[in-house]
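Next up: just one chain, as structure tokens, the form predicted alone.
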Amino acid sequence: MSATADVIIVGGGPAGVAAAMELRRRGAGKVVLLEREPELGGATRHCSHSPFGMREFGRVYFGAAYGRRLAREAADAGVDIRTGHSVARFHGGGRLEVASAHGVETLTARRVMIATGARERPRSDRLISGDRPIGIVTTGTLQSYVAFHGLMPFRRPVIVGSELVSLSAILTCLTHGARPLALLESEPHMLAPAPFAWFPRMAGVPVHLGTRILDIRGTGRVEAIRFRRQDGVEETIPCDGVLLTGRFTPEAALFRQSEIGVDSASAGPAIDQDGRTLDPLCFASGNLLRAVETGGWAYREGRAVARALALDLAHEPVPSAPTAVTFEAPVKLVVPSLLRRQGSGEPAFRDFQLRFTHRVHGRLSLEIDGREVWAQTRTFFPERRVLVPIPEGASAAGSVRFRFREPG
């Protein structure tokens, strides 16, 4: 079976575009970039705020302009860009079934990189009870309405969530004629770091922490949301919409359908220090790995995995059994979750990326073959990146484990 391309990249967001450009710059041959939407840029296309592009392009862009810059750069780099192309199935071994306006075709490549990003969890994933009225949307849906259709689906919404994207949601409301009535967060603290966490109150949006949503009410459209406050008192806020923000999950359907599967902790594909999955011909990068980082972070990660992939193209893959990186609660996930002895020599990941399930104070340590090589004691927060350097020689270890101990 002859190859359609040297590398096929699935996903035209920052990670996928950056990877395609880096591969072309390194002489990787024919690089095909598949994107299901009509334009490149991923979620940045409907972000009506800045900053984007400071580190990669040396200037500040609003989201849509950043997406257009990505598209121009990819075209100038000689990438074969195919928008309006959806991958219906990934068979592994460099073979994909792709659907477009021209029908369904099979594409093959020497290597495949998947960078399909992440999405916010909708109501169905959050198990919120109550009626099923219209007016319940995620931030991504709201910003798509505003950017592509000039529509604002409500005027008096309640915001659910307090991550950085929640602040973006508030900003979108305020700049397009809607006034959020409140922000509800289930954790006892804001998930966005200071000083960003101060923004809702500065914008006049009341913040309720440690809440539990009881139900959403409405016959035709949203009429109210009922929740229990931290002190146990139930409260009802009349509103005309509910904006569900954050709680991202990797867009990993292609892996779930394939023999590769997903990592149960991250919900994305398990990768090694080069970004290689359990399939030696398949790599992955960006927010697909662990929701969610900024567009700039995803861009740099895409470039780094592309560098390792370009080195891998120089020879036939020699798959070796990976060592799994294990961890103890309350660590939520670790990326990369695999280490291989036979890496590219220029690893894409020089740090482990960790997340915690909840705010906790204690001592996090890393053991290689039972010997402690790194430790740190402090307070860890959920949905905030923790970086731990990957020790030299760790890829040859027989066991790699993160431990956690609370004081006392």
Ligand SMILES: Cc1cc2nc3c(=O)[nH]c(=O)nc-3n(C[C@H](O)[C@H](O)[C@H](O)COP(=O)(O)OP(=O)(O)OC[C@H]3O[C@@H](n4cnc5c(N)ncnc54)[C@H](O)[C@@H]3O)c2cc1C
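One rule holds for the numbers: they count along the sequence shown, beginning at 1. Not measured: the values here are computed from a predicted model.
Although not depicted, the form predicted together with this ligand is the subject of the following passage.
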**Study point:** Heavy atom distance at most 4.5 Å to this ligand in the model of the complex, all of 14, 87 and 254
**Key:** yes
**Study point:** Contact flag, residue 168 vs this ligand in the model of the complex, heavy atom cut 4.5 Å
**Key:** yes
Practice item. Indicate whether residue 36 is a 4.5 Å heavy atom neighbour of this ligand in the model of the complex. Key: yes
Check your understanding: Using heavy atoms and a 4.5 Å limit, would one call residue 295 a contact residue for this ligand in the model of the complex?
Key -> yes
Exercise for review: Answer with yes or no whether residue 248 is in contact with this ligand in the model of the complex, where contact means some heavy atom within 4.5 Å.
Suggested key: yes
Review point. Out of 132-140, 231-239, 328-336, 104-112, where are the residues with a heavy atom within 4.5 Å of this ligand in the model of the complex?
Key: 132-140
Point to revise | in the model of the complex, the residue from 266, 162, 116, 277 that sits within 4.5 Å of this ligand by heavy atoms | key: 116
Practice item. Just give me the residues of 353-369, first to last, that have a heavy atom within 4.5 Å of this ligand in the model of the complex. Key: none
